[in-house]
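Heads up, the chain below is alone and in the form predicted on its own; it's given as structure tokens.
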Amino acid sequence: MLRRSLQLALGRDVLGRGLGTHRGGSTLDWNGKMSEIKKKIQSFLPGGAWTQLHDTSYLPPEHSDVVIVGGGVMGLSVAYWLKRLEKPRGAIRVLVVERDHTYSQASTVLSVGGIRQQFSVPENIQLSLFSFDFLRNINEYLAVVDDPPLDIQFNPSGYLLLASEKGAAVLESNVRVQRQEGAKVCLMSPEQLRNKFPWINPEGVALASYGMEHEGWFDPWSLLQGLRRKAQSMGVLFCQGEVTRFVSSSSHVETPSGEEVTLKRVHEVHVKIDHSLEYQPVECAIVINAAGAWSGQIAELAGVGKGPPGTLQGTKLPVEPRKRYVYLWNCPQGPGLETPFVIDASGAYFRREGLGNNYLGGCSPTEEEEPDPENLEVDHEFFQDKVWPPLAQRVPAFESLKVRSAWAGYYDYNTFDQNGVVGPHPLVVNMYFATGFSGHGLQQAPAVGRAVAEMVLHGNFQTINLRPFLFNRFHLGEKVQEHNII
């Protein structure tokens, strides 16, 4: 019975989730009303033309068809695709709200910038294949008139995944799925591994998989700036501030089984202005939750998860911040320019950084080792104890490495199944998600942005079917089991 109610909630037509506000007006209507109000005020004032009584240019607009919470690469991708796919041009007013305009703590710019097709879930493979095509042809998508071409410094050196005897069967099965989805990945024996990459010690490796094309790494900051620049040129509005409240209305629907379900619709987003006590209510029709590691908190503000345990209404968005360390080291005798992005069977990983024998790497901690996410301080002992030993065993030259610097960033970690949450909430009917990718959001952002825009504009996924990533799976207990989470 509840499954039927979920289907009903998801099956509402596009008009049910449409871009009209609860007052029924459009952006043009709104601007027209404001113009009339200004003229009336002017008629009562001495002197000439209308002038604002005080500067409000730093405030967000009072109305936007779509409000995107989070201005990282995921939120920017959604904004870009909404404007690219809108018909007619200029039909949708889009506002992006980002609290950290420096992006100093953004997951996007603190990542290592990898992109791969070596996943085990078909949808993840499809997302990355689409995103690679986007990156390869990036100036066809993100070029701005009179601006220089965008260079994301893509390095097509591929990914190399190593498996022990215990993990070999899973690796082989994953490669079979990858090939079915069109990814070009080869399997390598320990002997083949040594011949192709003589700097690797293959001891303990039973099987390896190597991405022969469409894999590598790029500069995350360049992609973020390119998306932001293009979105601005398309008319997307930006605001530095923090979303602190949603104003919504509720209605009660009875399912065929007699169970009562409460549906909510957000009408206003309250944005607190940075370094100020002021806030601006923004009337809207659609809210996109692309707040990354903090998207769980944003969902709670909208009432997600506030209901009896075990019910859909009581199901929370299971996304929280998890801190991950990235270390930069130098090793004069280290692997050369042909070095792929290596993921060891231990979970430790590394790649080259530039031309000067520098390398980036790290390792995800176990559940018991999870660091406190309250700050971005780096634990250097974690490198000494957990990262360096397996890497030095795998690459003997790393015995003499010297760590130059390190930083920490956040994963938007989905504690349920470590996969993305994409599409509408079944009860907060005009809130859509683009979050929870647990470390692979950057590489999949171009595809996810399009998927969310398609759902908003057309009511369904059109390019890639991402129904397995809908919110409902948390309540139904249907995990999307991805074996290649790093």
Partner chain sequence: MVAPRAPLHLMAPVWNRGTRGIRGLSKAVAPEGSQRKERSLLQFLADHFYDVQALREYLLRKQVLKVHQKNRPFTHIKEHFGPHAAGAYFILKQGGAVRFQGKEWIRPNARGRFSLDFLTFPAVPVEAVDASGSAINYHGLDSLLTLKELQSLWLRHCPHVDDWCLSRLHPLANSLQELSLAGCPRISERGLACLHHLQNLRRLDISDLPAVSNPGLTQILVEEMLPNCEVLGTDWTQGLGLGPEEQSQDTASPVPA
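No experiment lies behind these values; they were computed from the predicted model shown. Positions refer to the first chain, counted from 1.
What comes next is about the form predicted in complex with its partner chain, which does not appear here.
Checked against its partner chain in the predicted bound form, the candidates Glu181, Glu377, Glu370, Asp151 yield a single residue with a heavy atom inside 4.5 Å, and that residue is Asp151. Scanning Tyr411, Phe132, Trp81, Phe119 against its partner chain in the predicted bound form with a 4.5 Å heavy atom cut-off leaves one residue, Phe132. Highlighted residues Glu140, Ala143 and Lys196: every one comes within 4.5 Å of its partner chain in the predicted bound form, counting any heavy atom. Among heavy atoms of Glu203, none comes within 4.5 Å of its partner chain in the predicted bound form.
Contact check for Tyr210: a heavy atom falls within 4.5 Å of its partner chain in the predicted bound form. In the predicted bound form, none of the heavy atoms of Arg404 sits within 4.5 Å of a heavy atom of its partner chain. Of the heavy atoms in Lys306, none are within 4.5 Å of its partner chain in the predicted bound form.
With the partner left out here, its partner chain still marks one of 320-328, 285-293, 225-233, 269-277 in the predicted bound form; by a 4.5 Å heavy atom cut-off that stretch is 225-233. Along 330-357, residues Leu337, Glu338, Arg352, Leu355 each place a heavy atom within 4.5 Å of its partner chain in the predicted bound form.
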